[in-house]
Structures are given as structure tokens and as C-alpha cells.
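This document opens with one chain alone, in C-alpha cells, the form predicted on its own.
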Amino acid sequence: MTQTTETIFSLAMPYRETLDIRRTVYTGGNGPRVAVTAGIHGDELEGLYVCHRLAAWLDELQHSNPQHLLGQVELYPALNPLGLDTLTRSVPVFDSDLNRSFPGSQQGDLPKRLAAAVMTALDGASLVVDIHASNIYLREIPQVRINSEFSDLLVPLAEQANLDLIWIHGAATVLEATIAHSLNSRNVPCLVVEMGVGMRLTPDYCEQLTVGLLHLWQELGVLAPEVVLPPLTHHPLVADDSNVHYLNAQTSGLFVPATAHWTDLRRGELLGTIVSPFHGAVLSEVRSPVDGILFTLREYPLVYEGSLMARVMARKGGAR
């Protein structure tokens, strides 16, 4: 078992420095290759911590039982280093969403060149997991989002990832420029994980996903069957566009939550209120339209009319 750090993309910057995209590679036998990508949006940090936790686990395996790594693990914690350096969601200067630049082009601008290099690096992988952290406005329970076009292949994998929700959504043109759609279109299975909130870490969620990824790797033959892993503790609910309800603000103001995230709701139950900073009146109440699970909740309190406040999944059966 070996560990190396490799540069998959390098570009000279205007003032002497270079922009480098690096990966850490753990190599065991000739088994399957798997990869974890993170930091594609510069304001999403949860995936960076998952990469750390996986690296720590692999470091320990290298010390104790290196023969138990049968394949290869690649960790890409920072696909958008300029965004991470500046706490910016997009690629600075270009004001371009890197996750709308795939599959990229070697003759394009920086985001497209970077995307093309990542696609080349991930070609042939047996599984890629791309980790996101919503944004600074919304908090998400640990979930996998799957385009219905690829659900037959990806749902069985997602069910083993120790997460709380699988959301199967319809195809949308904008998603075709994401890393996940581009990889899946090239027969490289890619799961998109959303969890936590932007610019923060949620260690419990990261640990939950870390355990799920280790089980997935073992199922794929990357880890030896005799490796003893922490038990899976979560089995996902399944949502689709027919049972996900969006709650948008009816007025502008300050959102004050009245319930916790990841909560069983009853129809009409109060999720929070929108109040005015200028007087004492409650401007609007946000209530659940159905019996269901609160899986998205507003984190940033300032809202405008139409802002997304929450998402509720109407139950179709199953239990937490």
C-alpha cells in the first residue's frame, strides 16, 4: 500500500505562483478505483473534512493492515482552490460556477480547462462521490441527489451510503453541465451528496458519510471483506419530485425558526415566522403543507419575498 500526492492540473498565475489541483492517492492491489471530490464550490467545506476523515482512516490502515486495501482510493479535497481561498462559491475573476463548466475543454477558459483535467483524472473510476454543502442560506440533512436518468444504476449504491435521504429528481438542462451528469454520461458512476451548510462543518454528518463510504468501498471490492467497519446507522428515505414540497417566503423580513432540522412534521405545524425589524408584528407564518420530514431549513435569517425557506418530504412509508 502506497500513498502519494499528485498534481492533476497546473496553470501559471499572473504573478509567479501556479494554480495546482492535487489529489492524494492510496494504492493497494489491482482492485477497483474510487474517488471523492469536494470543494467544487469555494463556500462548501463539509467535503474537505470528509476527505480528512477518510485520509486518517486510510493512514491507520496503511500502518495496521496495508494488505486490506485491494484497490485504489483518490481524494480530491479542493477542486476550486481560488474559491476556497477567497470564500467564494464560484471561480473568482471568471465569476463562473465550476460545477456548470463540465465536461470542460482543454482550449477553454480556466474553469473549463480545470473541468477537462478533472474529467480526465476520474476516467475509468468505479465510483465517484462528489460532496456538497448546500450554501450559506440553507441547511440540509445528509442526502444523495440523483438524476432520474441514472437512478437504476445509482440508487442501489446510494442506499448503502449511510445517509438519510435519496432525492430522485427530474432532468434539468443546467444539470447537464455538472461533474456528476458529465461523469454518469460517460459511464463513470457518480453520487452527489448534499449535507450541512455552507462555510461550516457538521462533524456528525461527516462521520456518518465517512462510515457509509467505507462500506461502499468494501462492497465494491476496494477494501477486503475481513476489514471490520463501524456499523451502518442510517437507512435512507426516498423522495422524488412528486412528494417534495417547497416553502417560499410570502414576504420579506427576518426568518425565526420554530422547529429543528430533521423533524417529523404534521400538516399545519409551524416551522417558523417572518418578522419585521422595524415593528413588533409577525409578518408571516411558515407552516408545513403536509405530514412529512423537514429535510431543508433556512439557515440565514434575512429573507426576501420568494426566498426558499424549507423543503418538506411527504412520507410514502419507511421510518427514520
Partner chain sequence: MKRDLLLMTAPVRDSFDIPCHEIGPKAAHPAAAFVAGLHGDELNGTFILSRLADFLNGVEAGKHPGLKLLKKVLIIPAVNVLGINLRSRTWPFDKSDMNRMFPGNVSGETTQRIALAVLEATKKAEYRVDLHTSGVDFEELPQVRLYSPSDAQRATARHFGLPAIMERSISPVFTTTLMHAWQVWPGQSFLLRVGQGGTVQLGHCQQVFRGLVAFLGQTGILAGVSLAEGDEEISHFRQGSSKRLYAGKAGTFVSDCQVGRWVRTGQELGYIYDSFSGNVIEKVEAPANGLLTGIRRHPLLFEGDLLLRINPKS
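Positions refer to the first chain, counted from 1. Quick caveat: nothing in here was measured; it's all calculated off a predicted structure.
We do not show the form predicted together with the partner chain, though everything after this point is about it.
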Taking 4.5 angstroms as the heavy atom distance cut-off, pick the stretch from 236-244, 89-97, 216-224, 140-148 that is near the partner chain in the predicted complex. 89-97
I'd like to know if T251 sits close to the partner chain in the predicted complex, meaning any non-hydrogen atom pair within 4.5 angstroms. yes
Determine whether any heavy atom of A177 comes within 4.5 Å of a heavy atom of the partner chain in the predicted complex, and answer yes or no. yes
Is there a heavy atom of R23 lying 4.5 Å or less from a heavy atom of the partner chain in the predicted complex? no
Is there a heavy atom of V155 lying 4.5 Å or less from a heavy atom of the partner chain in the predicted complex? no
Counting only heavy atoms and a 4.5 Å cut-off, does the partner chain in the predicted complex sit next to every one of D109, Y304 and L308? yes
